[in-house]
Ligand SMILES: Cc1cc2nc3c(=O)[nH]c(=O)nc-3n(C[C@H](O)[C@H](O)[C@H](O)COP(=O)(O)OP(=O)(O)OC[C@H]3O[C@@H](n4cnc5c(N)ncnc54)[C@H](O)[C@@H]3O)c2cc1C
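Heads up, the chain below is alone and in the form predicted on its own; it's given as structure tokens.
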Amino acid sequence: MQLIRQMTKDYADYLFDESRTMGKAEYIAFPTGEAELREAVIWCAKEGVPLTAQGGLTGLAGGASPARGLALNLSRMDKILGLRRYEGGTYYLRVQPGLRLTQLRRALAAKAFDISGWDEASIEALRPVKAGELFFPPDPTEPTASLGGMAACNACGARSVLYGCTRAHVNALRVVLADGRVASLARGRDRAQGRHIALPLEDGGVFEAELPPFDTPPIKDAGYFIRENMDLVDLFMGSQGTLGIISELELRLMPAPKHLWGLTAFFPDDENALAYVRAVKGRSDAGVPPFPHRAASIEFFDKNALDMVMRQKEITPVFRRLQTLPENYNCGVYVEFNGDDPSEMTPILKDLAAVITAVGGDPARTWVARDGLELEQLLFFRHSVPETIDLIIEENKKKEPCITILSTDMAVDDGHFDELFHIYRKDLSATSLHWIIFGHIGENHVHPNILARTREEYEQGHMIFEKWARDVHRMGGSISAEHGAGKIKKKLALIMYDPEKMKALVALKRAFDPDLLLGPGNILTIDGEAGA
């Protein structure tokens, strides 16, 4: 079958991602391996056709919605290619970029791999592995995300409090550059020399360029990663397909925890919840007992988010199994712990109860999950929030097609989070907009969502986001901690980097992609174009 196809109405679902940002393209391609991926990239370079790489289309920033040219969909590059065991006992798994996280999880849980194309060393490395013994920690909200897409925006998710983001678990990459040449990079082996890059290429050549003369934020961030003497694997983690297209990843696997426990506590006021989070993170206020345990996940839900889900429960059958909220709730915080011994749970619950009481909560008004089925119920509640947002936006978009998901993922350090949280609430409370706040409070970034109903509300939401970006920039934070800037947040990226830093990032892109064909419209404001 022909690799490069005309875009027709049959492929309409490939013109937008989860953000509901509608794109356009003249062509589409579904490569099944690196050779076909290179063929598509070389064709684009020869014909001057822009291309946008796509994975699971689960992004919330419009990064996979094509601006024009070719939609390069990698969903059929979904094979697990091999396994190796390092002498220290660590396992590394090679995968294609279109493999979905759900597929990887199923394969690891059941030790169910298609090994027909594996070499003998990989098969031998697999023999001693037990089903469910290994896991890949990154946990984005949408588990159907592709591994390549997760790497391209350094996806994080709820459990990054304990395990870190995708960047921390990728050991090697193969990347197809804009001219079709391939770079093979290994963590610890290929590093910048100061600000100078020398990428080793498969054809024996070397690609050279200079890094921008500044470092990107030193906190959780889903965008470009720039440092002196940086590991060059990290250069492509967060670049959202603007510097090259990932054709293969080697993932570092970890021993899977044997037990996962969770607890959702409800509080009468946001201030109680903030004090609780500080305590769980080991930053107890005066009068709050110390908490010596390390959480894997700390998630927040404001009253608007809880009310929204309860309303949806009444009209959506699948949501009817959601728990009933306690009376007089105002907000909730979900905390998860991962461990190997069930006896660890008793002291954790005892210490949590003491903290909940000390900050003004009631341990009797909590949901506790001590086994897999109970935890699944708590996680179902957590995931019901973004799922409800999707349903509402889909309905609102029928009346006003310009509407997309308006969700921030800005992040700041510990010292600034309470200030930022209060800015969110103050600014949103001064409007008549439909809004909620939920998300990864354990890493100082929650997700204020504005559920616009009209074009005017949609534009008002963008203006509020731009104001917050200036606030976050002043605090030294990031405008996109886990979703990437994509197309929706280009103005915010310009605020974070400022025009001079943006010019330096554009110069880096031009070194890799002189004709500006890769990921058009993503992240960068080029040559004075509008940032939106």
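Since the model is a prediction, treat every value here as computed from it, not as a measurement. Note that residue numbering follows the sequence shown and begins at 1.
Omitted here: the form predicted together with the ligand. The next part is about that form.
S.K.: Of these, H422, R106, R294, H383, which has a heavy atom no more than 4.5 Å from the ligand in the predicted bound form?
M.R.: Going through each option in turn, the one that passes is H383.
S.K.: Counting only non-hydrogen atoms and a 4.5 Å threshold, tell me whether D302, M308 and N444 all contact the ligand in the predicted bound form.
M.R.: Judged in the predicted bound form, none of D302, M308 and N444 sits within 4.5 Å of the ligand.
S.K.: Exactly one stretch in 206 to 214, 148 to 156, 311 to 319, 273 to 281 has heavy atoms within 4.5 Å of the ligand in the predicted bound form; which is it?
M.R.: Contact-bearing stretch, as computed: 148 to 156.
S.K.: Within a 4.5 Å heavy atom cut-off, is A53 in contact with the ligand in the predicted bound form?
M.R.: Contact check for A53: yes, within 4.5 Å of the ligand in the predicted bound form.
S.K.: Does any part of P448 reach within 4.5 Å of the ligand in the predicted bound form? Heavy atoms only, please.
M.R.: Judged by the heavy-atom cut-off of 4.5 Å, P448 is well away from the ligand in the predicted bound form.
S.K.: May I ask you to check whether G262 falls inside a 4.5 Å heavy atom distance of the ligand in the predicted bound form?
M.R.: No, G262 stays farther than 4.5 Å from the ligand in the predicted bound form.
S.K.: Using a 4.5 angstroms cut-off on non-hydrogen atoms, would T408 count as touching the ligand in the predicted bound form?
M.R.: No, T408 sits far enough from the ligand in the predicted bound form that none of its heavy atoms falls within 4.5 Å.
S.K.: Can you tell me which bits of 57 to 72 touch the ligand in the predicted bound form, meaning any heavy atom within 4.5 Å?
M.R.: L57, T58, G59, L60, G63, A64 sit within 4.5 Å of the partner.
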